[in-house]
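Below you will find one chain, with nothing else, as structure tokens; this is the form predicted alone, and questions on how it binds or moves follow later.
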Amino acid sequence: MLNTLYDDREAESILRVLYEDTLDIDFYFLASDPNYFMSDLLSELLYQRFNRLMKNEPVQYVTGKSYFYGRAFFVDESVLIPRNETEEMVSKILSIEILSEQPLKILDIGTGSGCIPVTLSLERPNWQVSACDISRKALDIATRNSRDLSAKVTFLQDDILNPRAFSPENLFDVIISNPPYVTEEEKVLIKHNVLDYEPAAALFVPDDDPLKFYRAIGSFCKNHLKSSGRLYLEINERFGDGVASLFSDMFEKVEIISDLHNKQRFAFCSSYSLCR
């Protein structure tokens, strides 16, 4: 039945996640065991969850779980489901910043589930990691994930379009953000399981101002990024040139980097001190 909403391969993957999370048993073992006994309680839970899937609800919200960098993060409709592209960005950041000799002070802007700062804190325990988000509900989830995964992250509620939570003394070595970057006109390309459930405020920007959050982040960097700091951003593949132009006045080096699907997905900015 799920293949009426998804292609066969994706439907099988979703069913596997659903069954394994609900029943705590390997999906392929279950499929090969005609004598497997399922209690009435589990049967009812599976039925309820399957009905939610048939309403296009993402399986990550149904199970309350999304994997990122090998770890299970709690998610609900208050936060975006972590994407593979964001995981790719984190991996690149870790590989680049491994050259740093001193512990780094990190800020993630628009943290959502907290997958970026929690992962960085766990992978580099000597880093001082902070994160902010405008949404109180998102921060509650990010805090929960940090606690459950034993990370050390400081969370602040703030609006990057009008930041007030950071004093002039709050300077960072690295600022990271995966801000909203999908334009309203691109909604026709978005699947219903995203449109109907994931938070629109974390996804969409106006057609006439697609770089509004990038400009705000640039202004924030002027006051809160150290002279030798680096900026890492996830971007809309359509606006690589625009993002590069925006930050080229601030940074000596702006790299637009493609993801594994050969789409322009990241902007890495460095040598800030030469252009400040």
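Because the structure is predicted, anything quoted here is derived from the model rather than measured. Start at 1 and count along the sequence shown; that's the residue number.
Quick note: we don't show the form predicted in complex with a small molecule, though the next part is all about it.
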Spell out, yes or no, whether the shortest heavy atom distance between Asp173 and the small molecule in the model of the complex is within 4.5 Å.
-> no
Taking 4.5 angstroms as the cut-off for heavy atoms, does Pro163 touch the small molecule in the model of the complex?
-> no
Is Glu57 a contact residue for the small molecule in the model of the complex, using a 4.5 Å heavy atom cut-off?
-> no
Indicate whether the small molecule has at least one heavy atom within 4.5 Å of a heavy atom of Glu123 in the model of the complex.
-> no
Verify the flagged residues Glu85, Tyr181 and Ala202 against the small molecule in the model of the complex: is each one within 4.5 Å by a non-hydrogen atom?
-> yes
Stretch from 123-131, 140-148, 77-85, 153-161 whose residues place a heavy atom within 4.5 Å of the small molecule in the model of the complex | 77-85
